[in-house]
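This document starts with one chain, in the form predicted on its own, laid out as C-alpha cells.
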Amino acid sequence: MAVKVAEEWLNICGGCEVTILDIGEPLLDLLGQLNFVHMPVLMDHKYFGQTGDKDQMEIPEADVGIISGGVRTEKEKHVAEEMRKKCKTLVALGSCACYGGIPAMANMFPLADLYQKVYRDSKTTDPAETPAKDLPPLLDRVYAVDEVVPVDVSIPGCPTNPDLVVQALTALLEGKEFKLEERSVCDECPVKREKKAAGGQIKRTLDSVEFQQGQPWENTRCYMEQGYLCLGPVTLAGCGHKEEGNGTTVPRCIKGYMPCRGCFGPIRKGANPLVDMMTAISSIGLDAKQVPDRRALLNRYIGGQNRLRPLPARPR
C-alpha cells in the first residue's frame, strides 16, 4: 500500500519544492510507493472544500507531512497546526522551516517598524495605511516550524540537498530513523588547511578565491585561511555531493568557489554560531572585529528560535 504524503509551503520562495523535482530519476523509484494527497504547488486541493463551502480547514490525513517555509502569518500557523494534526510524521524541509530562513532576518526589528518602513517610509511606495482587509495578520515575528508544532524530521538547506530528501523518504518508507550526523562543513571539505591565515585582513566575498581549475581540491587553500569569511566551521554538513571518479565529497558552495554561507544551520541543537564563529576566526589569526554586521551575517539563515530579535534601545 502506498504511503500517503501531504506537503505544504508556508513563508518560502518555492526553492525547496524545486529541490523535490531536482531529485531526478531516484524520484521515479519512490513515486510508486507514495500517494500525494495534498500539495498546493502541484494539485488543486482547496482548504475549505473545492467550492469554498466548508467552514473548517480540510487537509487529508497522511502518513508523512512535509512543510517548507517558516511561519509568518496567522494563516500559516493554522496550516502548520492542521498539518501536525493530520500527519503521523512531520518533516521540516529547508532552512526556512527549520530555522526561519532568510525571512527571519526581519526578526531584528519590531513589527510596527517593519510596517512603517514598507508602507510609509519606502521611497518607491506612496504612503498608505497598513492593508488589513481579507489578509491574514502577521505574527509578531517569523517562527521556525518547530516553534509552532512538534517536528519529527528536519532537513535544512537553502535549498536542501535532493539526496537528503531521498534518504529521508526512503528511511521513513522502511520504518527507520533519519537524522543528520553532527558534523561541520569543514569535516567533509577536502581543501588544504595550514591552520593560519595567509593575511590578517578579511576580504570581500565577491572577490575571487585562489584556486586552480581542474586540480584536486587538496591543492586549493582553505577559503577562510585565504581571508574569506567561510561559515564552514559552524555549519552542519550535508550539502555536499560526491565528485565523479574519486568519490570526494565537496560542499556545495565550496564547489562553486564560494565560501560557505551557513544555510544548513548549526551543527547541533543549542549551538551559537555567532559566538563559535568569532572563536574560529580568531584562532587562525584573522580579526573578528572586521566582520561587518556580525549579528545579521552570522545568523542569516537561522533567525528563528529567538536567535535574532530587536535589540534594546540605547540610552541617549
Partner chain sequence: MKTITIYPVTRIEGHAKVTINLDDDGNVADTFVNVVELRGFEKFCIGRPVEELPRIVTSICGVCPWSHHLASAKANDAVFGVTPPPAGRKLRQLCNAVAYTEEHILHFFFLSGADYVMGPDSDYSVRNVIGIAQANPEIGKQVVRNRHLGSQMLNIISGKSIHPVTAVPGGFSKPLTEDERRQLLPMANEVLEFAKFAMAFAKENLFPKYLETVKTVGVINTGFLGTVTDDGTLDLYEGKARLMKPDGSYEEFPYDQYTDFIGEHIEPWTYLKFPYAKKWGPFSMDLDSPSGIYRTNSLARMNVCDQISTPLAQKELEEFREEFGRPVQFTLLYNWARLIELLYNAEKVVELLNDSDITSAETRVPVTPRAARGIGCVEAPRGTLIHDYETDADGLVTNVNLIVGTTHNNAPINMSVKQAAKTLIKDGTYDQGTLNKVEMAIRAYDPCLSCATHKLDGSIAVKIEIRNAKGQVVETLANW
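Between two forms, the rigid core is defined as the largest C-alpha subset superposing within 1.5 Å. Residue numbers count along the first chain shown, from 1. What you see is a predicted model; the values in this text were computed from it and never measured.
Not on display, but discussed next: the form predicted in complex with its partner chain.
Asks: Even though the partner isn't displayed, in the predicted complex is residue 31 close enough to its partner chain, meaning a heavy atom within 4.5 Å?
Replies: Yes.
Asks: So in the predicted complex, does residue 285 come within 4.5 Å of its partner chain, heavy atom to heavy atom?
Replies: No, residue 285 sits far enough from its partner chain in the predicted complex that none of its heavy atoms falls within 4.5 Å.
Asks: Counting only non-hydrogen atoms and a 4.5 angstroms cut-off, does residue 170 reach its partner chain in the predicted complex?
Replies: Contact with its partner chain, no.
Asks: Check residue 89 for me: does it contact its partner chain in the predicted complex (non-hydrogen atoms, 4.5 angstroms)?
Replies: No, no contact at 4.5 Å.
Asks: Partner absent here, but in the predicted complex, which of 174-182, 143-151, 203-211, 81-89 has residues with a heavy atom within 4.5 Å of its partner chain?
Replies: So the stretch in question is 203-211.
Asks: Indicate whether residue 279 shows a C-alpha shift of 2 Å or more between the shown form and the other one, with the rigid core used for the fit.
Replies: Comparing the forms between the shown form and the other one, which are aligned on their rigid core, residue 279 does not shift its C-alpha by 2 Å or more.
Asks: Using the rigid core as the reference frame, would you say residue 49 shifts its C-alpha by 2 Å or more between the shown form and the other one?
Replies: Residue 49 C-alpha, core-superposed: shift of 2 Å or more.
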